[in-house]
Every structure is written in C-alpha cells, then in structure tokens.
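Okay, here we've got a single chain as structure tokens, the form predicted on its own, with questions on binding and movement later.
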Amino acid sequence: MAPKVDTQSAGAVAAADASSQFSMDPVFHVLKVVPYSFLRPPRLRLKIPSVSLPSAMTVFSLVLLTYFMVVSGFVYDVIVEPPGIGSTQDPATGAVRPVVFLPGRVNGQYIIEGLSSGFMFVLGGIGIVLLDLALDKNRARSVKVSYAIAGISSVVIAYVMTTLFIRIKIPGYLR
C-alpha cells in the first residue's frame, strides 16, 4: 500500500522554498544581479569538434599493448623497481653468471623475466587470433592454412616456453 502524502507539510515546504528565494542577503543579491544588468556575455560561434572513432586495428593494438603491460608486471616493476637482470656466482669457477629468472620466489621477478613471460602470453593470444582468422570462409584455402599453421605454432611455442619458465622459476614443479 502506498504511503499517504501529507498535503499540509507539502504546502509548507513549497512556501518555505518560495520565501527563501526572496529572503536573500541583500549584499549577495547586489553581487548576483548588478554586474549582469550592464554586462552581456559575448556571442561565441564555437564549433563542436568532431571526433572520429579509431579503427579496429588501433583499438586491437591498444588492447594488446595494455594486456602485455598487465601480464608482464609493469606495475610491479614501477613500484618495486627490481633489477633488470640478476647474477649468481658459479661455485666451481667463481665466475659471475647472469640470471634472468628469480628462482624460488613466486611473488618476485626481474624486469627481463616479466617482459619475456609477457611476450609469451601475447604470442599465445596472437596465435588464438590467427586460429580465429583461419576459420574465415571468405579467405583462400592457402591463406587459411597459413593462418592455421602460424596460429598453432604460436600457441604451442607460447605454452612450451611458459611451462619452461615455470619450471625454471619453481624447481620441481609439475614433475
């Protein structure tokens, strides 16, 4: 059931609103009304700028670049400022060797590690896009086969390399 509207209180609110317009501070009234009695705003003939939509390839490129930056840990690299590449000392020879992956720490990375992992994820995503393009019925058979081969190889390379990266990062994982 809908609530009843009190007509007396509604009328009182309307009267209070009407009286508040006329009970304005006189100084504020002078500042509000007097300047506009002799000043006129200029007539501007401004044209609204027309913004055209970006092409589909531009949007795809921006989305792919954003995806690369997110999965490669760009925010982590900016906040933590890890070294670009690490180093370790060979126990047998005493020589210092470069290390690309930070072993044993799942929540830490070198900059090159993040970029290479991000590239592999993007390569896998591009492979899936190529596989989708291979299903287009309006393309020639040779082009469809080329897209399919490139897509399958991209996905397989990305999967194998990402698995290898995880095994380097976490020794004994998936064994």
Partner chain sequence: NSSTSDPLKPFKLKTKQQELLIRVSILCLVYILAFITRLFSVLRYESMIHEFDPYFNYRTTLYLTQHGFYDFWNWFDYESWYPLGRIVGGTLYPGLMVTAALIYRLLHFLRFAVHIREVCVLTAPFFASNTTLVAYFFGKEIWDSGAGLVAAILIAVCPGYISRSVAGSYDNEGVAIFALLFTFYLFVKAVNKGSLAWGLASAFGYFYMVSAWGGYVFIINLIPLYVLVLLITGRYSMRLYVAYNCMYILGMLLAMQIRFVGFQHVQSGEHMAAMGVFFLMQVFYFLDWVKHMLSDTKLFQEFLRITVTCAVAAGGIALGVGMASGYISPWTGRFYSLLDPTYAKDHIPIIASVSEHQPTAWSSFMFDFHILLFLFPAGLYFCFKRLSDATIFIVMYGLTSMYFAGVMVRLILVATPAVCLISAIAVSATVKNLTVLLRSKNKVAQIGSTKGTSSAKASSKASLDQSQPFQKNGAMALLFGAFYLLSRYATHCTWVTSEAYSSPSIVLAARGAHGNRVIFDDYREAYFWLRQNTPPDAKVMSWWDYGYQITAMGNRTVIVDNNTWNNTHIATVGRAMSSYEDEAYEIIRSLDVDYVLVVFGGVTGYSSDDINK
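Numbering follows the first chain given and starts at 1. Rigid core (definition): largest C-alpha set, two forms, superposition within 1.5 Å. It should be emphasised that the depicted structure is a prediction, and the values quoted were computed from it without experimental measurement.
The protein also exists as the form predicted together with the partner chain; that form is not presented, and the subsequent description refers to it.
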query	finding
L131, heavy atom within 4.5 angstroms of the partner chain in the predicted bound form	yes
N107, heavy atom within 4.5 angstroms of the partner chain in the predicted bound form	yes
Partner proximity in the predicted bound form: P49 to the partner chain, non-hydrogen atom cutoff 4.5 Å	no
In the predicted bound form, V33 touching the partner chain (heavy atom, 4.5 Å)	no
Heavy atom contacts to the partner chain in the predicted bound form at 4.5 Å, residues of 152-169 in sequence order	I152, V155, A158, Y159, T162, F165, I166, K169
Yes/no, T66 Cα shift of 2 Å or more between the shown form and the other one with rigid core fixed	no
